[in-house]
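Consider the single chain below, provided in structure tokens and representing the form predicted alone.
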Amino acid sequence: MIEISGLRVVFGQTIALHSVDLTIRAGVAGLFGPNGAGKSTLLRVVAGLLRPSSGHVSVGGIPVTSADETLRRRIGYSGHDSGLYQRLSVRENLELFAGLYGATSTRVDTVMQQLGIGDRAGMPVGRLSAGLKRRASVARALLHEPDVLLLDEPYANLDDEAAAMMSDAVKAWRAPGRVALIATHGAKRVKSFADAGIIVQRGRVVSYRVRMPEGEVATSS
């Protein structure tokens, strides 16, 4: 579970997030909103990559600002930057990160197959198209089967077939107790399997809708 309380992020004269309060429970939550709404900033704070100006974020009761390495290993993040070494091949990158996280070579093969990049395994990441880099980056985030999955625009530059693979990979990762937060303009794709939808506008959460087990929807704002 992700707990966000009074979260505020300021860049110079720009307020990126205004006192955000959220409790995101296990399941898949879509994070929707226009460019500049604060979606990427929110993900980076939850991932522990950006320190907020004020407020608190915790994962499973542990503050993300702590030096707890166990918490770091529980989080998988894919941002706008692939986070991959451009001169290394797809497989070399994934094998490297697998070693850091204690994942196996079999797991590397699994995520490459799920995301349809097995045939590019030997290609340097720097030579991949934008869409293939995106898939390789998400493969890295999924490698260690994290409890918390944070994806920023995972459907960018993907055709329909690749986008379906992306959704299927997230569904395959899904398990009781795990939580995913997916920021995307492709709301329709995520809504088809998400448990909740969060709308952000101008740094504020304006809607948080949760799909109930019987198909009803609870709304808060």
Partner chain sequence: MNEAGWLHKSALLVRKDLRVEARGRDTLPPMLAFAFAVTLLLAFTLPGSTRLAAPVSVPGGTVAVVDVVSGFLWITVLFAGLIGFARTFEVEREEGAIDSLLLVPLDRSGLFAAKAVANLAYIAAVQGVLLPTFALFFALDLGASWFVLVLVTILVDLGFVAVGTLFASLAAQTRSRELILPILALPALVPVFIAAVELTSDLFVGGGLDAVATRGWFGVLIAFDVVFMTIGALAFEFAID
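Since we're looking at a predicted model, the values are computed, not measured. Positions refer to the first chain, counted from 1.
Same protein, other form: the form predicted together with its partner chain, not shown, and the subject of what follows.
At the 4.5 Å threshold, heavy atoms of Glu69 reach its partner chain in the model of the complex. Remark: Leu88 counts among the residues lining its partner chain in the model of the complex, judged by a heavy atom distance of 4.5 Å or less.
Its partner chain is not shown here, and in the model of the complex it never comes within 4.5 Å of any heavy atom of Leu151. Although the partner is absent here, Leu96 lies within 4.5 Å of its partner chain in the model of the complex, judged by heavy atoms. Annotation for 149-176: no interface residues with its partner chain in the model of the complex [heavy atom within 4.5 Å].
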